[in-house]
Each structure stands twice: as C-alpha cells, then as structure tokens.
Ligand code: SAM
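One chain follows as structure tokens, the form predicted on its own.
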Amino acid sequence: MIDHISVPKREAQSILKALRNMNAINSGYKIIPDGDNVLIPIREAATLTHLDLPYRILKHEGNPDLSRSVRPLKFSGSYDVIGDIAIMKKGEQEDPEVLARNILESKKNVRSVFLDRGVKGEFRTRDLELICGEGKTKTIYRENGLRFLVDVGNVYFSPRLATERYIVAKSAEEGERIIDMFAGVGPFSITIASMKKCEIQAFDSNPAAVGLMKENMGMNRLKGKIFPQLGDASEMILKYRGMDRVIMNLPHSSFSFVEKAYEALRKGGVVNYYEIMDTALLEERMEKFREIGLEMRNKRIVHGYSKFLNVYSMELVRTLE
C-alpha cells in the first residue's frame, strides 16, 4: 500500500507544483482520479504531516507507472530550479560541472546552471558562479498559478517555500491587515492578495527586490492590495499597530525583530515566523516566545538545512493586550 494525499481537482496543479519542489512525489506511481479529488502518490507522509497540509493522507494500493524505467543514477547533489535557472548547493557534489551538465541534459527547460557559494552582502544575495549554460540571471518562475519575475543574481528567492506560501494564503481571512516584513520580490504578499481581499504592507531594503515586486504585482490578478515600501523593516514597522498578521521570512535573523512584530499586532493577531534551528534552539525560542506573549499555535519543518538544522515554520498568536 502506497501513501497518497487526496486533494480537490481544482487545486491539484498548485499542490503538485509544491510537492515537486519538496521532492515529495512518488514518481513510480500514477495520479489516481477519485471523484472530485485526485490521489497523488507521495514518498513520506510524515514529512507532509509536519507541513500541516489541510488534506487527508491515506493508504492506497497504487497504480504503478510502467513508463518510468529504473535507470542508474548519473550524478548526485541537490539543486533548486527557478524558472529556467538551476542553482546547485555548495559542497554537495564532488564535480559541479558533471552535475551541471547532467541537469542541462535531463531538464530541458533549464538554460543556465549556477553554483551557489553562499549568501553575501547587505541584501544577502547569492554568490553565484556560472558552471554552464547561458548565464542570464533573470527568469520567470511559476508557482501556485502565479508568475514571478526573479533575478537570482540581485535578490534572494527560494522555491522551497511554495507550500508555505500557499498554506499562509489559505489561512488568511478576508479583510486582514498584514505586514510582510522581508517581502523580497513579493511571493508571500502576492500569493495572499491573489486569494484574499487583504491589505498588505510589503517591506524590503533591497531596491532590486522592490522593483521586481512591483512588476510582479502587475503580472498577476490580485483581489487584495499590496503597498510596497523600500526601507528598513525594523524601523518601518514601528508606524503600525493593531495589525492582524506579520510575516517574518528571514530565517537567519528573524528572532532579532520578533518583539517589534509583536508590538505591531492586535491581540489575537498572528506571526508567521521562519528560522533555521536545531532542537535545542527550538526549545529555547518557544520559551522566549511565551515570555514575550506569543503562543505557538503550530509548527512544522519546511525543509532540512544541514545535518542537524531545519528551517522551521511557526504560527504564533499574540495572547496579551
């Protein structure tokens, strides 16, 4: 019996895209129609449980996909695909050129392959080295039925948060007043505004990111309103009180800003918080959040970061006036 996730047909494409980004689909089996739903074969139900997806995970006999023959693995190493650009992780492959050329051969839509040597500079952009391909850094990336213009050389963008963005957008209520503290090119803000009539203040200190965010707003049909703002989020947030939600997607240093996010919220307001942690730091953070006046509603692992570290997503609720 194979684990499957049951999702409505109308949402199948966006969920499939998110599951592919997570490498969670069991590609040896076919997707099975099931009335108004489809059953998508998945590799590890436990991983999806951490994500708190609002869909049933069930056991099913499965329908083997005989068109997929088993072939020897030609290379090893992880990479992200953003539009027609692939980005390999530093230190996870013995020969980056071998992996890069195999990516170009196996992924027909990929035109450039870069090696990510880590983030650098004031705006924490990727230090990219072109390994093979065209070398352009701008691309159109599609996620959850939306399009985003991304310049991987001048802004940081992760496709691994596709499911997170969808979950947060689904959980937002109509009419919410939201702050997206580290908005980048706008994926959280635009995903929410495409689904809900919200008012979103979207901050970023990188002029290139804010410029791309404005272009991306025009490329997608939005129900809500987004107000891009260029500047220091820790200062701009001081102008706001009584907000319904604050999104804090800055995993390396979100904790530095959590008290300011708390002050901007109304009682019952939500912080969508992201940080790279091990289990010891997770316990420490949970205690500190309680001291501040934030109650953890749920937490999940977004993806692994290293052998002992994970990117955690937490939904925190302000409990005090």
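Numbering starts at 1 and runs along the sequence shown. None of these values were measured; they are calculated from a predicted model.
FYI, the form predicted together with the named molecule isn't displayed, but the following is about it.
Kindly indicate whether S6, V38 and G62 are, all three, within 4.5 angstroms of the named molecule in the predicted bound form, using heavy atoms.
No residue of the spot touches the named molecule in the predicted bound form.
Among L115, M243, A183, I200, which has any heavy atom within 4.5 Å of the named molecule in the predicted bound form?
Spelling it out, the residue with a heavy atom inside the cut-off is A183.
Name the single residue among G135, G145, G231, G175 that comes within 4.5 Å of the named molecule in the predicted bound form, judging by heavy atoms.
Contact residue from the list: G231.
At 4.5 Å between heavy atoms, only one of the stretches 127-135, 107-115, 183-191, 81-89 reaches the named molecule in the predicted bound form; which one is it?
Stretch 183-191 is the one.
I'd like to know whether Y166 contacts the named molecule in the predicted bound form, with contact meaning heavy atoms within 4.5 angstroms.
No, no contact at 4.5 Å.
Decide whether N249 counts as a contact residue for the named molecule in the predicted bound form under a heavy atom distance cut-off of 4.5 Å.
N249: yes, in contact with the named molecule in the predicted bound form.
Quick one: is Y141 in contact with the named molecule in the predicted bound form, heavy atoms, 4.5 Å cut-off?
Heavy-atom contact with the named molecule at 4.5 Å: absent for Y141.
With the cut-off set at 4.5 Å between non-hydrogen atoms, does N102 touch the named molecule in the predicted bound form?
Taking the distances in the predicted bound form, the answer for N102 is no, it never comes within 4.5 Å of the named molecule.
If you apply a 4.5 angstroms heavy atom cut-off, which residues in 101-132 are near the named molecule in the predicted bound form?
E122, F123, R124, in sequence order.
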